[in-house]
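For reference, the chain that follows is the form predicted on its own, supplied as structure tokens.
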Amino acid sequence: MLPADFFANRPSADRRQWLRGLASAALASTSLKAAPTQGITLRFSHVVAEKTPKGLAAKRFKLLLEERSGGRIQVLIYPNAELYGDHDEMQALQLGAVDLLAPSLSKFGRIGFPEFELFDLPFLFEQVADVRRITQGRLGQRLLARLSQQGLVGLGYFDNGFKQMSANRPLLTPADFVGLRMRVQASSVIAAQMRALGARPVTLAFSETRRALASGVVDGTENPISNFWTQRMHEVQTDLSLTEHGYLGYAVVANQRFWMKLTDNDRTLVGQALREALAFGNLIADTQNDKALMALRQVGTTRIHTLTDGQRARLAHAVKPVHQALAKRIGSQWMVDLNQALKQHARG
């Protein structure tokens, strides 16, 4: 795993050369564990723990695909940023160093698709059903189709639920955020959200977040409860505020060259197994977050705060300019289409 600033002062040519070297190394290492000569080995990398909804969905996908292919297609899963992390996984996929990723939707903004940051808008979705109206509708499919411009194949979406705020004090009003250094993933929308609340956003890889919290590099962060629990953030954060302010979801994407080398039958096998695994992941996302919250209450190391309707409304009002700024950056039509889809759901 690389430090966060590994690429900071290196020209893009150096980064590409380094990743190509890793791609060759990854191919060499995985060949030792690959299926028989006529078989296929699919390398699936992600950055979270195996017991999170994403980790469990990945394991389900592996089980289904290997079983249905009679072992001819093997899936090698690399969790917890063991192979690539937030800073390099997208480049690794584009270069063919891995075959499949499940990055958070925020990460597509960095590679030329800022419209994916619609999903990062704070206080946009009231419930997961609202999100599904987008991901399973025409707007979500339009977004996935755009990924082909960067050599990627968008295969589907799945959830990790809603995010909560944590720090070493309760975060219930905008005033509570003032002066805090809050870890964020690389999303212009999430950074703007923190600035609107009076905090200073600090972009860090997910795998580095707990250490940064423990050492005081950052003061707090946002996460679904399952991530907060599995990363043991409760050991380094005294307060968790149940803000339910934003959604965290993922898109499963494949390297286009790898995907096109598969036969039609194998693409069907992979697609079916993946759809079932994503449905499984969506089904357990709320359950895992509920279990994690129960575990946090039992451990008792972190104070848990439930916001009133008034407190949530004040936070939502403070971040309203973030919506307007994104509309200006990506074009107002995306926001119009998004709001129309949400209204249709409300009428339904």
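As the structure is a computational prediction, the values presented were derived from the model and not from experiment. In case it trips you up, residue 1 is the first one in the sequence shown, and so on.
Separately, the form predicted together with (2S)-2-hydroxybutanedioic acid (LMR) exists; it is not shown, and the next lines address it.
Proximity of His87 to (2S)-2-hydroxybutanedioic acid (LMR) in the predicted bound form: non-hydrogen atoms within 4.5 Å are absent; the residue sits far from the partner.
For the chain shown alone, Lys107 is a contact residue for (2S)-2-hydroxybutanedioic acid (LMR) in the predicted bound form, at least one non-hydrogen atom being within 4.5 angstroms.
Although the partner is absent from this view, Phe158 stays clear of (2S)-2-hydroxybutanedioic acid (LMR) in the predicted bound form, with no non-hydrogen atom inside 4.5 angstroms. By the criterion of a heavy atom within 4.5 Å, Leu248 is counted among the residues contacting (2S)-2-hydroxybutanedioic acid (LMR) in the predicted bound form. This chain appears without its partner; in the predicted bound form, the one residue of Gln237, Gln185, Gln164, Asn255 with a heavy atom within 4.5 Å of (2S)-2-hydroxybutanedioic acid (LMR) is Gln185. Proximity to (2S)-2-hydroxybutanedioic acid (LMR) in the predicted bound form, defined as a heavy atom within 4.5 Å, holds among Val48, Val322, Ala58, Leu65 only for Val48. Partner proximity in the predicted bound form, defined as non-hydrogen atoms within 4.5 angstroms of (2S)-2-hydroxybutanedioic acid (LMR), places exactly one of 313-321, 300-308, 278-286, 48-56 at the interface: 48-56. If you take 205-239 and check each residue for a heavy atom within 4.5 Å of (2S)-2-hydroxybutanedioic acid (LMR) in the predicted bound form, you get Phe206, Asn223, Asn227, in sequence order.
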